[in-house]
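Take a look at the structure tokens below, where one protein chain is shown in two forms, each on its own, as structure 1 and structure 2.
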Structure 1
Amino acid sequence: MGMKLDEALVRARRALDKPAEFGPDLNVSEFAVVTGGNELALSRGRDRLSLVGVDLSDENRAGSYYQVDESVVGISAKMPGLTVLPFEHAIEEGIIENYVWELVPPDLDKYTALNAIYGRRGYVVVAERKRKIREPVQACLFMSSPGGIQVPHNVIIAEEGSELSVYTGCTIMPEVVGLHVGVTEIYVKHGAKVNFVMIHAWNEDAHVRPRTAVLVEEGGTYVEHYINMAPVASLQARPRVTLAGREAKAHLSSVIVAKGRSLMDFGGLIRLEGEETRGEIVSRVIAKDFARTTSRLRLEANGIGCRGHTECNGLMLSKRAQILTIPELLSSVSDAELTHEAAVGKLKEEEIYYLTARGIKRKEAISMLVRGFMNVRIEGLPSKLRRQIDLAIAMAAAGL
């Protein structure tokens, strides 16, 4: 499989006991890799898939990828200039030789170590130079086996001047206990644009540790939107974006619905390395029941004339829930401009009263206000992805 993967394995084995920098630690030996996933599991899980917007008909899609546990059960690429491959095939063909474990270290923590040792599945999506892929590529990562580990390694490459949108829906059967550790490395080349949308619906017994890193070259644009809409035992994620080239841009936004006894530690990091780079991180958090959340939003300015902004708003729907926001701004250049906003509050009774006085039932009034709070506008996002996000937010609000 090549020297690079051999070296990654050596480094990973040394890190199997290394805890993550943030979030609760797990005993990963309690889980096992399961390879028996099949298309029948997707059919049984249609209700779960609908929660995350996965359409098995593949209509209005440039391509698709379906993985159940550690088995690839479907893949396609319909547009010229688009490649969609399973990770192991891309490795065998040498397509991603210079891209694997370049942005995410295999020994970052025990979770990346697990992925390096056991992960042979995942999707690879490549947009060729100057190709504008108008329809989104749909990826589905589904867990169906109790006590399983799912360790996909995903690579997305937008070559110079290309445009690409990837929509990922991840979920799990309601009764399944599992650990999801996805590694995703994204390369946005000169003048390219990538939209990356993730909608997740786990369960109260699932543990989730995604590890995502992005490199954006000169004039490139990266837009990411993440929605978590169901309870989860624990989630820890902090996507890292490096704006390496002049006038590179990144926008990270997230909508987190924390219910039950969910324990969530998440956020984002943007490094503004190139001149005149622009970065923004926006977070919306709703905490209910006994859920506890921590939002870590960090900007690091090292490029001349760079600008960055973070915004984190929390909405408390329970006296027993907890929201902690940690905005961080770090600059090593004198002319950088970094700003942040953070606020935590609750729904105002006068706003609820205003709606109920006009004949709207109290539950629907609360749902309307919550939908408005969760709305995050993203400039330049394709309309189909925008509609999918709006639908997911509406479903999440209706369930509160």
Structure 2
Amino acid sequence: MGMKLDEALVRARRALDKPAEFGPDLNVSEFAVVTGGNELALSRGRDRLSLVGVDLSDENRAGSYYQVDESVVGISAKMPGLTVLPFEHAIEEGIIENYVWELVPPDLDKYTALNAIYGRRGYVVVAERKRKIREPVQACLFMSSPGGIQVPHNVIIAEEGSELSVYTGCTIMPEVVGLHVGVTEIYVKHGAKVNFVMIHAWNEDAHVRPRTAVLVEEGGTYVEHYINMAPVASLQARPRVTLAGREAKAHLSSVIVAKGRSLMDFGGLIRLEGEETRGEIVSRVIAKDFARTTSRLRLEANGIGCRGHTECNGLMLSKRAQILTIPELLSSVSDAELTHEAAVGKLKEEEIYYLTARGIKRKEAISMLVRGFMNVRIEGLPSKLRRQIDLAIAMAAAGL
């Protein structure tokens, strides 16, 4: 294992100046690793945490992980067949040897390099073979110190036939300048299912560069839902899913609320490698104030009989905001079916009028339509996660 991390370190050092493929380039030397985060900081951030749905009581959770800055302040696993460990322990115990830096290259860009060099924290969640874990595992990544970097390395493994839901709430104290680079590698084994929900609420001085990659084996299903509801200085991420096995499925959806002067570049990439694989990426972007957003949705078809669809909708709530959508479909097989639909615009006057004709006040009709725009239907999501998403969306809508 040491060898592998050493090699990652060597590769990372060579990539420390390598800009990311997309998004504004940052000078990473302006940020420093801050340890010493503690439970007190967590409790001070209670309001921020509830914004991203983190429940410190730990009720209705199969397990949990709390990280403040670069310190692990709490961890638990309450269900049989579920392992939740800090990244470092999992490394020491040798249980993630074959899973670290396999899906995300340490030298992908300067941000993964930073993570490989400085990252010692993060969570590892493993569901045992055939174990169906109904309650979600809650992971909380909280930044409380100014000028800090947070570089967790997370690994999620759903063994054959298992089911697992991971709910991640990431936030930062107001007015704290910080850089968050979470690396997450997710393995969905044969016939397994993983639901991965991320809710982010950063601040106007935070820079965020998550790097997530997923590998889905035969008959496996990966469902991801991302919600970003608060302003951010800059955010760039494009989770990458490889559907390697036959009949593997993935659904990625995201709801981005871009306000203030936020720069948000978010998307998704699904590689349909296996035969009869299915992939779908759904994106909803709301741009307000001076925010600028880019949605990069890409499907790559290599498997016989695979099918994919992307859907990208943008809602402009300001004349000065900007929404750019970039749907890409690449097929290397003749019988793949890839489709995309995209629309950017403002609220339709006809719809507002229709609701007022039902007796709803114009202002309320507008907020109902905005809220409705953010509603993304995700099939098969456990009801608790669904409720959590609904709550987050309601809060995001209320903040508009």
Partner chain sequence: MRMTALYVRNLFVRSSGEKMILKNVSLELYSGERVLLLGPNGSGKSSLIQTIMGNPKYEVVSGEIYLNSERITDLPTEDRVSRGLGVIFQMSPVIRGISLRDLLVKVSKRSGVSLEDVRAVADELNATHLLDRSLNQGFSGGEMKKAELLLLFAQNPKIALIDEIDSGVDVDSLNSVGKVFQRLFSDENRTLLIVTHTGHIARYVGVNTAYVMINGRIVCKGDPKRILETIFKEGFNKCLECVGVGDEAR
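Numbers given to residues start at 1 and step along the sequence of structure 1. Quick caveat: nothing in here was measured; it's all calculated off a predicted structure. Each form is matched to the other, and the largest set of C-alpha atoms that superpose within 1.5 Å is called the rigid core.
**Q** Given these two structures of one chain, say which is the form predicted together with the partner chain.
**A** It is the second structure that is the form predicted together with the partner chain.
**Q** Is Asp335 displaced by at least 2 Å at its C-alpha between structure 1 and structure 2 when the rigid core is overlaid?
**A** No, its C-alpha moves less than 2 Å.
**Q** Tell me, please, whether between structure 1 and structure 2 the C-alpha of Asp58 is shifted by 2 Å or more, with the rigid core used for superposition.
**A** No, because once the rigid core is superposed, the C-alpha of Asp58 moves less than 2 Å between structure 1 and structure 2.
**Q** Rigid core superposed, Lys361 Cα shift between structure 1 and structure 2 in Å?
**A** Shift of Lys361 at C-alpha, rigid core superposed: 4.2 Å.
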